[in-house]
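For reference, the chain that follows is the form predicted on its own, supplied as structure tokens.
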């Protein structure tokens, strides 16, 4: 733990709940409150409560905010309707991913960009520079904002029990949409988004009201099976859902195409007068779109019991341990599936579903099979 790690507005709540704390993205955040598996399972069967206040919030506002984001990001943000959200990325000129983002359109001229904790300052600086030639203002609002998530099949009923006058707006909220609502007497922005593969909500709240909201959600949810959940459960949940994690599946050596996320790159976006939008990274990404990638992100089902971990080598089989054909980026036992799973980059010729390979787990070859993503999909 570094002496300079930032503290969440909910830090005292985590300490009171007995959380194990860890440094993550420059923040001291809860890793777990008790059992990783119990927290994971609660999200799959009832609900989990997460503190996501380490995520970065950046407001982009002004008459040309939409055009500015079209230039700054790989997505077509001016096409996003008010009250909707879009998963997108910010890329370098060479097409490599600086960060993956969720962008919410709060009004015609108002966007909320949510960045990963460790990348917030870099994304903020890049947006300031890239939006400077537009009539738009970029403002970092992380300090004044807390983010809490309720995820799981009972998330809606738990949240709605605390909503007084905006119930229909919350229950009618579509996936990747956002609406203002009063929750437990607190003005919040309620988004139907998440990172667990379950139905659920993310609530943006003024930092000074975060403890009230957290306490109210716990009181309302615990009788139904809700538990506070830490970063460890969040990671195993997102892995089962096949969702990338920056620093693992995405980084400055990776393009969206290699990660299987080429759909977020909108090479077809144009201005209102029909001109091509020359967004940052467009030329490099356009040149790569038609080329076979050197590596492909795949899902691996581990056939033995020893989990493959990030950094382990993918090999053809135990007879050729020196012939490395890929690298594991994330791996863990899957509490839901009952066996280890992993994500890995491998060469394209061995990326077909059903291909049998192996992973070098500390000197021993563990047999794996390439399977379709996601590993887990809710009914």
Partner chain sequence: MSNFPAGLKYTAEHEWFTDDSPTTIGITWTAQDALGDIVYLELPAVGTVLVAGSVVGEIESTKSVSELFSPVSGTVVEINDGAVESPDLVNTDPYGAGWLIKVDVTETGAVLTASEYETQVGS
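Source: prediction; values computed, not measured. Positions refer to the first chain, counted from 1.
Beyond what is shown, the protein has a form predicted together with the partner chain; the following relates to that form.
Student: Hey, of 51-59, 307-315, 348-356, 66-74, which bit sits against the partner chain in the predicted complex at 4.5 Å between non-hydrogen atoms?
Tutor: Result for this chain: 307-315.
Student: Since exactly one of 193, 120, 232, 78 fits, which has a heavy atom within 4.5 Å of the partner chain in the predicted complex?
Tutor: Only one option qualifies, and that one is 232.
Student: Taking the partner chain in the predicted complex, would 86, 209 and 212 all count as contacting it (heavy atom within 4.5 Å)?
Tutor: Result no, not one residue of the spot touches the partner chain.
Student: Residue-level contact is defined here as any heavy atom of the residue lying within 4.5 Å of the partner chain in the predicted complex; does residue 36 satisfy this criterion?
Tutor: Residue 36: yes, in contact with the partner chain in the predicted complex.
Student: Does at least one non-hydrogen atom of residue 44 fall within 4.5 angstroms of the partner chain in the predicted complex?
Tutor: Contact check for residue 44: no, nothing within 4.5 Å of the partner chain in the predicted complex.
Student: Determine whether any heavy atom of residue 325 comes within 4.5 Å of a heavy atom of the partner chain in the predicted complex, and answer yes or no.
Tutor: Residue 325: no contact with the partner chain in the predicted complex.
Student: Heavy atom within 4.5 Å of the partner chain in the predicted complex: which residues of 319-358 qualify?
Tutor: If the 4.5 Å heavy-atom criterion is applied to the partner chain in the predicted complex, 319-358 yields 332, 333.
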